[in-house]
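In structure tokens, the next block holds one chain alone, the form predicted on its own.
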């Protein structure tokens, strides 16, 4: 206890040095926590929109569909495949899907769009999908209705209650033509989807594309979505003949590559911050020892062991670092929580840049406990490494020379 009491008193003998060093740790660690939180929050948001709310963590297709996404390679929707998928304990929900393209037309305007046939009971019950409803009512989709995206409605000049014509190609080359009442408009966070996507009830989509008892895919969500690779591999090992299964990283590698490359850039920035912290602590330790070299010499001369002085100075440096760590955690927790609830929304050129990549121009922060634990631990390790050489200098102290200074 004497070590801790003496160390605490000693660091306040030079308040300015202590506060400057603690402040450098505070700002560097705060930036590290903020950067990691914003990065991981953006990745999670991106994956949620593209994977959880749209594609699914894995999808089952008919054989060959991943290479040639045509209705000819659609799968037969039967009880055998459903029972097999449900036999895996990690499979939480199976959503039937029909994905195809058609030309939409209203008045004197037309546009090619993505048609998504879904089970409304599953798709529109998602909390995030419910929040995106702009106008109308999802429940009316069963009565030959269609839900279209907000920007598509603006482009066509269509409103709720208007009839939208769809023209495309169905199963085995059969013409696909239909007229559907617009029952709701929805705002999709992905700008590309928001400008050209329409939802149909799965049965209505089967009628449009002549897909009797057939689907283009089965979208899967898991009890533990982190195990999407392992679960996909388990299902793939004994998948019935005529089917194939892929997880989202295999079907959307561009998202994985973007996350990995961006995370690597973030790691480089973190290393730079940690180097700044390390050199700041190293310089402080050297100055502290240089200023007190005579003091240490006298302490050794009157009988104090050098190792005890080494321990004392080490505790002092850990105290100073801890002040910066505690301040950064206390300061960053409310800010990270606020940014998690109220994401940063970009406008202007930055928003256009995000939209050009097909991403929503927002940056939420991930509010996770490990960010407030892992980063401080790294800083403490850096502190220990940075003070090794200065403390080694105390152990080699020449008592007579130090007293004469």
Partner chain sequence: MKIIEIKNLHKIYTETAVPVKAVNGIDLSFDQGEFTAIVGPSGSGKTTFLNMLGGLDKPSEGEVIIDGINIGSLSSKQVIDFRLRNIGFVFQAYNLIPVLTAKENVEFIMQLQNQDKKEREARAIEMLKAVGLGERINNRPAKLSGGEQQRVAVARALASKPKFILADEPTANLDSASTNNLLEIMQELNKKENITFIFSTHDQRVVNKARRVITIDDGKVKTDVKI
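Predicted, not measured: the structure shown is a model, and the values here were computed from it. Numbering follows the first chain given and starts at 1.
There is another form of this protein, the form predicted in complex with its partner chain, and it is not shown here; the text below is about that form.
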| query | finding |
| --- | --- |
| Its partner chain contact at residue 303 in the predicted complex, heavy atom, 4.5 Å | yes |
| Residue contact check: residue 327 to its partner chain in the predicted complex, 4.5 Å heavy atom | no |
| Residue contact check: residue 295 to its partner chain in the predicted complex, 4.5 Å heavy atom | yes |
| 4.5 angstroms heavy atom contact with its partner chain in the predicted complex for residue 13 | yes |
| Which of 191-199, 134-142, 204-212, 304-312 lines the interface with its partner chain in the predicted complex (heavy atom within 4.5 Å) | 304-312 |
| Site test, 3, 400 and 403 vs its partner chain in the predicted complex, non-hydrogen atom cutoff 4.5 Å | yes |
| Candidate from 289, 91, 81, 299 lying within 4.5 Å of its partner chain in the predicted complex - any heavy atom | 299 |
| Residues in 31-70 close to its partner chain in the predicted complex, defined by a heavy atom within 4.5 Å, in order | none |
